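Two versions of one and the same chain are coming, encoded as structure tokens; call them structure 1 and structure 2.
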Structure 1
């Protein structure tokens, strides 16, 4: 392990066929599996909003975003499966049975178009910030290469989110108050996506899977979004939020981690429904997998 850690410290990149300590393999696998699950769960909600997205241009963008998210999940499941810990089917079955984790934000329900815009803007940005921090150092080669593609595409999502947010910000009072409610509902879940402060002995940091501590990333996100939302005349639902004049720095009030803990236990406000929907979707699409299996069983034409 010591030699392996030295290799990682020197910027070494690990490839799937390389020898690696079991603990490293396990840690990288868990991380990628959770990322893959989150992309899939996010893609499924995105899909729900295709018929409800206002305007043809944005409806088409939602369609493209849905395909992106499902695509991200697809690529990540391939990378995760190559680690040999679980098969892709095994990972999906665990997800639909509530046995494996996905990001906290997908344990809440998006009820209005305002929610959907807040997600595209605040949540996609939070995901992007954490993915960039992984991409910067990530010692596991295949994940790093796939992240490059994912980050580029998350950039599109965030820009669509910002454009949609701007339209609402310039809209009627009804639209603005709808969006304020969405900020009230989604500010904390988005902020909690980064997780509680990193432990000093976090192996994800030690093994160069993540480059920065959770609290640093969370803070970076706060610095960006507080002035942005306030600039458009929206309020941040954090009574403890304060501006440190000397440092020129926004400081969040105390964070209640209880809701995050709930989502980890699959007991968030919308966890059961979301997992149920995902499982139903998996069952409904069985005919596609069956068709592909039948094609695989055909003799080669060539």
Structure 2
């Protein structure tokens, strides 16, 4: 392990067929599996709104965003499967059985169009901040390479969310009130996506899977989005939020981590429905997988 960590500290990149400690393999796999699960479940959140999206232009964008997110998930499942811990099918079965995790924000339900805008503007931005911090130093080569594509597409998602937010900000009082309620509902889940402060012994940092501590990334997100939202006349639902004049820095109030813990236990506000619907879709499409398996087993007569 000492020699391996020295290799990583010197900027070494690990490939799937390279020798690596089991602990490193497991840590990288779990990290990528959760990312894959989150992209897939995020795509299902987008899918809910395809029939109800207002206007053809926004409907086309929501269709494209749904396709992107689910596509990201399947790319990441392939990268994770190459580590040999689980098969792609095994990962999906564990997800739909509630045995593996996905990010907290996808345990909540988007109830209005304002929620969809808040997800694109706040949640996608939080995910982008996290992914950029991984891409900067990631020691596992296949993950780093696939992140380049994912980050580019997530940037478009965030920009589209920003454009929709600006249209609402210039809209009617009813629209602005709707979006303020969405900010109230999604501010804390988006902030909690980064997780609690990183432990001193965080192996994801030591093995150069992540480049920065959770609290640093969380603070970077706060510094960007507090002035942005306030500049357009929206309120931040954090009664303890304060501006440090001396440091020129926004300081968040106390964070209640209980909602995050509930999502870790698959007990979030929309966990049961989200996992149940995904599991039902997986079961309903079993005949397609069976048919493909039978075709693959046919003898080659060419």
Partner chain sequence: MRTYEVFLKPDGRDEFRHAGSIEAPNDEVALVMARENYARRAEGSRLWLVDRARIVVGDEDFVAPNADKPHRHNDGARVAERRRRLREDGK
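The term rigid core refers to the maximal set of C-alpha atoms that superpose within 1.5 Å between the two forms. Residue numbers count along the first chain shown, from 1. Just so you know, these numbers come straight off a predicted model, no measurement behind them.
Of the two forms shown, the one predicted in complex with its partner chain is structure 1, not structure 2. Look at residue 284: with the core superposed, its C-alpha moves 2.6 Å between structure 1 and structure 2.
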